[in-house]
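Only one chain is shown below, in structure tokens, and it's the form predicted alone.
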């Protein structure tokens, strides 16, 4: 059965009624592929395409908002480099036109480029269910490969974050485009000098480098501190070896990514390193 609710309340009521027998569908770039390959069979699909309010994105001076149904294409030109650059790295143009931010985060892939960017932005995720709404730090949302802290009857509705003074994104992959990240990294610096760092493909979930961040709070962004931050990053990541790269390679690239991003931001540049 295929449902097309016109309101959020209607969508949540359907999910509450059908439970695990129904699944929300946004851009479909992951769910539809799994269905076509026979890896996923669904009794009921709740299509969210008519919930246009969830596609809204607002760039504010204080708190920015990105709706869960906002596409990657819509964010490519945003003046927040870490998010815009990450959005540009997702698949090809067709995927970016269809794929949504909520879908990218909801799949909880360790290699999710937009997840890494939002984690570096210290975003909170808005969740809604028939029992009400709640918000949680995105760093607490990912609990394992493909696993999140969302309840079975809940839906991601959006993301909120402070606008950083500077930010940047780094990606290492087999190719410059249409390639899953071997290592990705996002970094943000706020007006008060605080720094947030997040890496992808180096652990079971997108990872905040809280230990390296704590070091930078004490030492600032001088050349020696940046070099040491790169070394600390290699100790903080927990990569595995797979068909894309070895754990040792990922660990080494993590240090390089952090050092390059911080050097870039310390020098006042905001852009993507790919």
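Residue numbers count along the first chain shown, from 1. Because the structure is a prediction, the values reported are computed rather than measured.
Although not depicted, the form predicted in complex with a small molecule is the subject of the following passage.
- You can rule out all but one of 193 to 201, 83 to 91, 160 to 168, 132 to 140: in the predicted bound form, only 83 to 91 has residues with a heavy atom within 4.5 Å of the small molecule.
- Interface residue remark: residue 230 is not counted as part of the site for the small molecule in the predicted bound form, having no heavy atom within 4.5 Å.
- Contact check for residue 179: a heavy atom falls within 4.5 Å of the small molecule in the predicted bound form.
- When contacts are judged by a 4.5 Å heavy atom cut-off, residue 216 does not count as touching the small molecule in the predicted bound form.
- For the chain shown alone, residue 150 is a contact residue for the small molecule in the predicted bound form, at least one non-hydrogen atom being within 4.5 angstroms.
- For the marked spot (226, 251 and 257), a heavy atom within 4.5 Å of the small molecule in the predicted bound form is absent from each of the three residues.
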